[in-house]
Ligand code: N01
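Single chain ahead, written as structure tokens, the form predicted alone.
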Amino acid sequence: MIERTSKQPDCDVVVVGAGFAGIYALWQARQRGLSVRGFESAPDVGGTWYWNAYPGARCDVPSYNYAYFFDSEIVRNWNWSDICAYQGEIQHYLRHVAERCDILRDIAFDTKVSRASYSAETALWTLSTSSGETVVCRYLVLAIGALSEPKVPDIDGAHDFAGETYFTSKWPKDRAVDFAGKRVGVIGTGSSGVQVIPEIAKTAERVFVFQRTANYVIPTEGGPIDSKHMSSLRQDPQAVRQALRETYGGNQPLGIGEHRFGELDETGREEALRKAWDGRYPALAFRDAHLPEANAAISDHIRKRMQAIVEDPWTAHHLTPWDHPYGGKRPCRSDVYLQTFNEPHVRLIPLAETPILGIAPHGVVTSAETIELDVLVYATGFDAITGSVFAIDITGIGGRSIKEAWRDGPLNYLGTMVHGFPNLFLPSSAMSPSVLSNMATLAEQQIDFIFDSILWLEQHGRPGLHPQRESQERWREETLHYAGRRPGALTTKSWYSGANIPGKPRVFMVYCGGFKKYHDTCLTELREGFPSYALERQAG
């Protein structure tokens, strides 16, 4: 237990994390006249975009949308090189914004927050850091991201491998990794695997792809920036900012079908699907693409397209996802991944047929053979959404830990606050639009909501704010209700529901009711004085 000796805070706000949400939170704190300190475990800003530096890492959301809009000059002065920017450019962009906003002076880099404890007596949070410092604050913003806690390999003998081992989630930053002439095994074919495998295959002698489950892979929207499109965004960035919050996903799609599924006959549907694939928007081939019958047609068309790309029928069949509809898992985007399997030195090992029995010092042992390797790459992703929260020892009222509060899965209200943990804010957490929305738009929207809430608390005697129990239950029900309307959401095993982590409670963790509805609900709470929350009236 953290010793609580101070009745006065060292600062008003502590922000943990320096990715999209953290940078903006630090700036907002200064704009609101609040004293603030920031902590970041990495040596620089970027969050996920700092660590995910593996070859081929890029965003699958167009740069037109995946950017800040709070500062019009940033929009007008920054020039993206590609519609879907690569990791290095995104991190460079975030560093540019941090410098422009002058928030680097507020951040202690290479510093983890290990513990955070709330005192009901003082209405303050006390934090312990890896540097040995203790910091007391009124408001705690954990901008730690939904995809920031790497998944630990759950394979017997993982630590016995004698060759080189790398994780896409924590790629080396101090040197280039050389695959030339080496036998490389890659475990995982989600978004990171899909991006890194083609790059490894360029120089490796042999590449063995260990696929746990097949995923949909559709073309990227990458390519040269359209100067006319960029000019239109620069005319009135604040209008664009507001318009993004009025959409379903927090972004403006570059392409969408002209008709609804039910308006077209079979020939018309096939033509719409063809145009959508060629136009790089297959997921939105119809204006009602979310309907089960429309989704089924889209899923089937993508499967056919995937199989047509891969020359070997056996490999094509095993790369195709037959067990879930499109969107049931996070879809992948690449223009080169499927084509890589046409190279003679790249081999697919579907683990559903020949599972991994263990890792040996010199390779991977499957039920059929031992594959000798020089390098092993884990593209196994993250303990998504809740993993980063549990990485910090957080205790609230009465010393109750957040792990205990979330024993049966995450429970909160509006994806930002938890009952029993006053003045603790969790942007990008569970039960928000999170990873099924444009995370840049979400970062701005949630941080605005959080600091509007803090301003209200400052104006009303600084009470402790946290949601009522029944509000959390209602929000979970609403989250599950909308998940039930998304094809495959509640029937597919995915990290959206924690299925990639053994023993993790299976709860669908992403709000699918749409960005606009989510934003409107947040605004209603602000306008009506937080009717769904409880106020602890202790004075800090």
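What you are looking at is a predicted structure, and each value in this text was computed from that prediction instead of being measured. Numbering starts at 1 and follows the sequence shown.
Below, we refer to the form predicted in complex with the named molecule, which is not included among the displayed structures.
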*Run the contact test on 155, 189 and 195 with a 4.5 Å heavy atom cut-off to the named molecule in the model of the complex and return yes or no.*
yes
_Position in contact with the named molecule when the complex is considered in the model of the complex, options 147, 285, 141, 377, heavy atoms within 4.5 Å_ = 147
*Of 92, 212, 362, 275, which residue is found within 4.5 angstroms of the named molecule in the model of the complex when only non-hydrogen atoms are counted?*
212
*Flag residue 495 as yes or no: does it have a non-hydrogen atom within 4.5 angstroms of any non-hydrogen atom of the named molecule in the model of the complex?*
yes
*For residue 166, is any heavy atom within 4.5 Å of the named molecule in the model of the complex, or not?*
no
_With the partner left out here, check for me: in the model of the complex, does some heavy atom of residue 60 sit within 4.5 Å of the named molecule?_
yes
*State yes or no: in the model of the complex, is some non-hydrogen atom of residue 329 no more than 4.5 angstroms from a non-hydrogen atom of the named molecule?*
yes
*Pick from 114 to 122, 411 to 419, 277 to 285, 378 to 386: which stretch has a heavy atom within 4.5 Å of the named molecule in the model of the complex?*
378 to 386
*Within 347 to 370, which residues come within 4.5 Å of the named molecule in the model of the complex, counting heavy atoms only?*
351
